[in-house]
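One chain is shown next in C-alpha cells, namely the form predicted on its own.
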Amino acid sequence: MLRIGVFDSGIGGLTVLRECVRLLPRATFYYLGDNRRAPYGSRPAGEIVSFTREALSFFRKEGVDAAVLACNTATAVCAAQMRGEFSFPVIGTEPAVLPAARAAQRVLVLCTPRTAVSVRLCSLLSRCPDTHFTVFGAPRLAAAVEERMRGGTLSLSDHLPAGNYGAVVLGCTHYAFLKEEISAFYSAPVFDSAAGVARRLFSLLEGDADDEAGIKNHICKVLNKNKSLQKMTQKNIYFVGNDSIFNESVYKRMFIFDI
C-alpha cells in the first residue's frame, strides 16, 4: 500500500488532500497541518524552510513513498531544496497560472506576500507573455480563513483588491475554501491547483515513470504503529500534529461526501 504525506501550514492543504484521495483511494495518507504557526505567507524564509524540513522529517520516519507540499508558500520558498534533502519524491503546489492564462487576458493572482515576491512565481508568469497579470499578496487572508473555520467571520472586501479581471488564480490553498465567493466577488472563473497536484502525484506513483523513479522498490508494506497518529478515517487518512483533531473535523465538515 502506498503511503503519502501531505503537509500544509494549516487547513488549506485539506483541499489538495481531497483530490489526492480521489485519485489514489487505496493509499494511506498522513495529513500534517502546522496550524499553530500559520500562516506562513509573512514569515521569514528561514523559518519556512525549518518548518517544512521538520514536517518532511516526520514523514520520513513514517516511511512515506512521497510527500506533497500542499502549501504554495512552502513550495515557492524551498521545494527545490527539500527535494535535495529527502530521498522520496516531493511534489509542490504552484498557482494554476497556465490554465487561467488560456481563459483570459487579464488575470488576478491571489497569493501570500512571500509567494508574491518569489522567483518561482515570477518564472511561472513569464511563460505567459501575452497575459496581463496582477499579483496581490494578501497579508491576512489565509489567517482569516483559519479563523472562519473556527467560528470567526470574514469579509472579502477587507482582503481583496478592487478591479475587473477575466480570471482569478488562487495562489494559496487556504483560499480554495472561498472559491465560489471569490468567483462571485469578481464575476470571473477561479482556478486552483488541487486537482493538478493530485494528477502529478498520481503520475509519479501509478504512471509510466514508476520504475524510473524507483518508487515500487521502496513501498512499505507494514504500517508504523506510531502513537501520535489519530484514528484512521474510512479513506485511510491519518491526521497528525498538534491540530490533528481540528483538521480532521474540518475535512469531515467540508468534504463529508468524500469520506
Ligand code: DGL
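Residue positions are given as counts along the sequence shown, with the first one as 1. These numbers come from a predicted model, not from an experiment.
Unshown form predicted together with D-glutamic acid (DGL); subsequent notes refer to it.
This chain is displayed alone, yet in the model of the complex one of 38, 194, 32, 66 has a heavy atom within 4.5 Å of D-glutamic acid (DGL); that residue is 38. Remark: residue 169 does not count among the residues lining D-glutamic acid (DGL) in the model of the complex, judged by a heavy atom distance of 4.5 Å or less. Interface membership of residue 108, defined by any non-hydrogen atom within 4.5 Å of D-glutamic acid (DGL) in the model of the complex, is ruled out. D-glutamic acid (DGL) in the model of the complex comes within 4.5 Å of no heavy atom belonging to residue 77. Partner proximity in the model of the complex, defined as non-hydrogen atoms within 4.5 angstroms of D-glutamic acid (DGL), places exactly one of 122-130, 173-181, 82-90, 149-157 at the interface: 173-181.
Taking D-glutamic acid (DGL) as it sits in the model of the complex, the stretch 73-96 comes within 4.5 angstroms of it through a non-hydrogen atom at just one residue, 73.
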